[in-house]
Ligand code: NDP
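A single chain comes next, written as structure tokens; it is the form predicted alone.
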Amino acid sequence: MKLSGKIACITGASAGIGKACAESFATAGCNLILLARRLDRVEELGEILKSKYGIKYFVGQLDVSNREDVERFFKNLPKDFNEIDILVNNAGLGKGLGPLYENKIDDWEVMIDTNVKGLLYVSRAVIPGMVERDRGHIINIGSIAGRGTYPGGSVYTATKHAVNAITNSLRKDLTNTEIRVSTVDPGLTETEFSIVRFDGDKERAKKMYEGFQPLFAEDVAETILFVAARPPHVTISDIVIYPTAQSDFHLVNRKK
């Protein structure tokens, strides 16, 4: 499927997998809607990709957990960007890695509001247009944490299980349309994720990836682009992508 000229909307586009997705879709000729809380980063990224690939872009400073802001943003998209072909629901985060009974409740709220409610708000704003046009592709970025559990991951894994449930239910909701729905679930990927999870403790974050080669954000982005570029009659419902050293969410072959 040729993606050139199609509009791809990517949430959480300022860093990590979202930023890598922006470049991957730009290489395919997509015009981009880049959304993030850090406006300066997506503005800079948009200019780089426009210069490098000749694509058009539109950026927005958006916290997906703010329902009113999400609704307002998508209602006021410029004419050239209001027919979204591909939605990549990438915005998400983990906070903390302690036992449930010691966690900060505020951290629970942030994860639920971003990973679950944010995905729902953006999807609710974008999908009616896809239904009206009878075309589009929603790609939700989950995690292998949505396929198992581990100590210290009670709320984060719950949010990623929710992403899988939402994705599978949404696909059924859209049975009578030509809209495709997919999820991509990465394993250990070295991005800002662990830095955010540990409140900026870079040393602790670094230890998460010691002794093995984790995935790069670009590895995941290439997979997401592959999912989007299948012929219109093909839907890849879900993909799990691990680094070779990882065989399950809790099994990693560390050399050190």
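Numbers follow the displayed sequence, beginning with 1. Bear in mind that the values here come from a model prediction, so they are computed numbers and not experimental data.
Keep in mind that the form predicted together with the ligand is missing from the display, and what follows is about it.
Open item on the list: Whether L188 contacts the ligand in the model of the complex should be assessed with a 4.5 Å heavy atom distance threshold; does it?
Closed with: Yes.
Task: 4.5 Å heavy atom contact, A15 to the ligand in the model of the complex - done: Close contact exists here: in the model of the complex, A15 approaches the ligand to within 4.5 Å, heavy atoms only.
Task: Any non-hydrogen atom of K206 within 4.5 angstroms of the ligand in the model of the complex - done: Close contact is absent here: in the model of the complex, K206 is far from the ligand, nothing within 4.5 Å, heavy atoms only.
Open item on the list: Check G92 for me: does it contact the ligand in the model of the complex (non-hydrogen atoms, 4.5 angstroms)?
Closed with: Contact with the ligand, yes.
Open item on the list: If the cut-off is 4.5 angstroms on heavy atoms, which of these, E192, E43, E222, D69, is the one near the ligand in the model of the complex?
Closed with: Result of the distance check: E192.
Task: Proximity to the ligand in the model of the complex, single hit among D201, E47, D63, E210 (heavy atom within 4.5 Å) - done: Partner contact (heavy atom, 4.5 Å) among the options: D63.
- [ ] Choose from 77-85, 138-146, 100-108, 169-177 the stretch whose residues reach within 4.5 Å of the ligand in the model of the complex, heavy atoms counted.
- [x] Stretch 138-146 is the one.
Task: Residues of stretch 144-177 in contact with the ligand in the model of the complex (4.5 Å, non-hydrogen atom) - done: Heavy-atom contacts to the ligand in the model of the complex: Y156, K160.
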